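There is one chain below, alone, in structure tokens, taken in the form predicted alone.
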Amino acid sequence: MVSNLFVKDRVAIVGAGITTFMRRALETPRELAWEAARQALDQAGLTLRDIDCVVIGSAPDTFDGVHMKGEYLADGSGALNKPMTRVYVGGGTGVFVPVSAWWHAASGLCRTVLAVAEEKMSPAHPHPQYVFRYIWDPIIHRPLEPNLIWIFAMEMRRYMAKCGAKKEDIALVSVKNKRNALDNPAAQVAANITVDDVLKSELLVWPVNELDISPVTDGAAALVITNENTARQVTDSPVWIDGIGFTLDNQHWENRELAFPRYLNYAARMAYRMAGIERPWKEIDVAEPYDPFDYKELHHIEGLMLARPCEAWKLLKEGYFERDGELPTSPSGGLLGVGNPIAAAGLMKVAELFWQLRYEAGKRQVKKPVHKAVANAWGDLMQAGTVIVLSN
């Protein structure tokens, strides 16, 4: 790690937990948050008395129908008589939560931090897409009445046109991730599907079909993050946070290169530099790229520099990103298979890498030895990139 006068402590993850991801969960958002937090504390062998600070992540209040959701979730997340912060960068929140917890611990402000991300999207009526009507620039974009699928369709089309990828090439991501999710007990939409199933599913906005997209999901995830001294006291196998990165690109999609995620590439370079990684395509052993749509996993593999621009879909066809491949991606099943509770989805991916680096992923454990891992998330007005690099 590059010397930094403002970083006092090395920081590690010592416990993780996730709820079952599902549609129309009967639990309240507080109950979902506590279930994930309790699991993370249990794995770390700690209780709330050992927690100094709490970081909460949650996307728009409108999903849950609760205003000032950070305050609402505080007790369910264990923030009783403790300093609590809520962070929010849309879909990028799930990775920004451990990033925020990292600086709480690295600065010496807190020894041990409980990082919790929760989302309950089912209460949004008639559909969560309607919540996104109000995120656009009111003068330039809102009169066009866009929705997220409309924007993603433009981006997917641009990637296909520039990189020469066909729809059937991209559909292989959905096939891979849903199959990986069959081994994940938390998964919502695990399935053995074929490329034909994806191509014949309902066309939403060309070229996006229903099975190209992750589902609407309720769920929560949590991590226990602590400084080096405490980490070595509570476990023999801490997972170190070696690098963090975050950045914002232009919020106006018409001014962005839609075929390459520059927002992610800058954040990844920041995280790799901090982690001392110069050749991520050689040094990273396992990755959890953010995959709300199947083309986004390819997009993000390239932004993370795990493949050259426009090369990820070719490597995918060769099996390079399979669980037993050269560089496994989304061994958890990803958002496409496990589900996409917006803010919690990215933290689910970090939890998966924690278990992979401790060789505790069970049937999902990748075949190759693993020492370094990377996860990313993406959101806000689709221009926020958040990255975390881990090692064992």
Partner chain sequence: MGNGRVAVIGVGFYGFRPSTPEVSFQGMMFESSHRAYAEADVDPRKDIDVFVDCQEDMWEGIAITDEFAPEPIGGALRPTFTVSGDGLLGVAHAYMLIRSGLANVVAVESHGKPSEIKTLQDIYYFAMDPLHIRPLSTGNPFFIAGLDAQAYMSRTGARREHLAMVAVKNRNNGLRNDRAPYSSRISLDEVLSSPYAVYPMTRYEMAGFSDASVTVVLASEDVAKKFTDKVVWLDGVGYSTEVGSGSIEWHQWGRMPSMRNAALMAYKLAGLSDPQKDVSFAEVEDRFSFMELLSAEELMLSPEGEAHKMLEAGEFDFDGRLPLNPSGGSLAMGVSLEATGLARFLEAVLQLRGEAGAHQLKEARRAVVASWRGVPTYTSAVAVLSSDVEG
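Residue numbers count along the first chain shown, from 1. Model, not experiment: these values are computed from the prediction.
One more form of this protein exists, namely the form predicted in complex with the partner chain; it is left out here, but the text below deals with it.
Each of Leu109, Arg142 and Phe246 places at least one heavy atom within 4.5 Å of the partner chain in the predicted complex. Proximity of His104 to the partner chain in the predicted complex: non-hydrogen atoms within 4.5 Å are present. With a 4.5 Å cutoff on heavy atoms, Glu278 does not count as touching the partner chain in the predicted complex; it lies far away. Proximity of Tyr320 to the partner chain in the predicted complex falls outside the 4.5 Å heavy atom cutoff. Among residues of the shown chain, Ser100 is one whose heavy atoms approach the partner chain to within 4.5 Å in the predicted complex. Proximity to the partner chain in the predicted complex, taken as heavy atoms within 4.5 Å, picks out 263 to 271 from the listed stretches 200 to 208, 187 to 195, 263 to 271, 115 to 123. Tyr72 is the sole member of Trp313, Phe152, Tyr72, Trp240 with a non-hydrogen atom within 4.5 Å of the partner chain in the predicted complex. Between the options Val89, Val173, Ala231, Val224, the residue in contact with the partner chain in the predicted complex by a heavy atom within 4.5 angstroms is Val89. Counting a residue when any of its non-hydrogen atoms is within 4.5 Å of the partner chain in the predicted complex, the hits in 127 to 149 run Val131, Phe132, Tyr134, Ile135, Trp136, Asp137, Pro138, Arg142.
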